[in-house]
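The chain that follows stands alone, in the form predicted on its own, written as structure tokens.
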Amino acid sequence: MGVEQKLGNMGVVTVKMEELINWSRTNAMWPMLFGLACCAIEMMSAQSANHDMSRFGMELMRASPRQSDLMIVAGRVTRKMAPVLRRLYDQMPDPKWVIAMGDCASCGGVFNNYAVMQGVDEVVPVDVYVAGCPPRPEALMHGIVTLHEKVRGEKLKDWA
């Protein structure tokens, strides 16, 4: 006999605790603004009515690291900006995730000089890379969906 036959139709739902936590984490990610260059325009466009990131639980972009758990690094990171980026990342509460948006954030893009970091992964750990120069809002939303799939697959033993 199953649970439905023993309890009747009482509307009881059974789910694993880690699935419930991962579901709530994916549907309530609050991104932090960290737009540094032309990719930031596309990131802002993804929040507009045409693309509407609100359907992913991202109602608005936060300017405070203490209220966000997703950092979207959009654009090139200079060596002067790297300590600021790291400080903001450290101020974010756990669990936290990072999306590197655009070629400049991913690998330095066309800026191969001493002033530009050759990838934001030199400063913070990156979970998802979104390619393009600049990537379209659809590409950013694909990166967010990819991150959601990654978070939904996390196990309880990985959280510690």
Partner chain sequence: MSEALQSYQQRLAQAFQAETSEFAGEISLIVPAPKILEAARMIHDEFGFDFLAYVTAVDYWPEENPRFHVVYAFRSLSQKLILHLRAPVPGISPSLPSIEPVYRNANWQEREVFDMFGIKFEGHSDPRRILMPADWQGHPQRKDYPLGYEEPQYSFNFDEIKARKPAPKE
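Positions refer to the first chain, counted from 1. Just so it is clear, the model here is predicted, and its values are computed rather than measured.
Form predicted in complex with the partner chain: not shown, discussed below.
I'd like to check something about residue 93: if you look in the predicted bound form, is any of its heavy atoms closer than or equal to 4.5 Å to a heavy atom of the partner chain?
Heavy-atom contact with the partner chain at 4.5 Å: absent for residue 93.
Against the partner chain in the predicted bound form, would residue 99 count as a contact residue? Criterion: heavy atoms within 4.5 Å.
Contact with the partner chain, no.
Closest heavy atom of residue 27 to the partner chain in the predicted bound form, within 4.5 Å or not?
Flag for residue 27 set to no.
Please tell me whether any heavy atom belonging to residue 112 falls inside 4.5 Å of a heavy atom of the partner chain, as the geometry stands in the predicted bound form.
Contact check for residue 112: yes, within 4.5 Å of the partner chain in the predicted bound form.
Which pick from 128, 70, 53, 124 sits with a heavy atom within 4.5 Å of the partner chain in the predicted bound form?
Only one option qualifies, and that one is 124.
What are the residues of 70 to 105, in order along the chain, with a heavy atom within 4.5 Å of the partner chain in the predicted bound form?
Residues within 4.5 Å: 79, 80, 86, 89.
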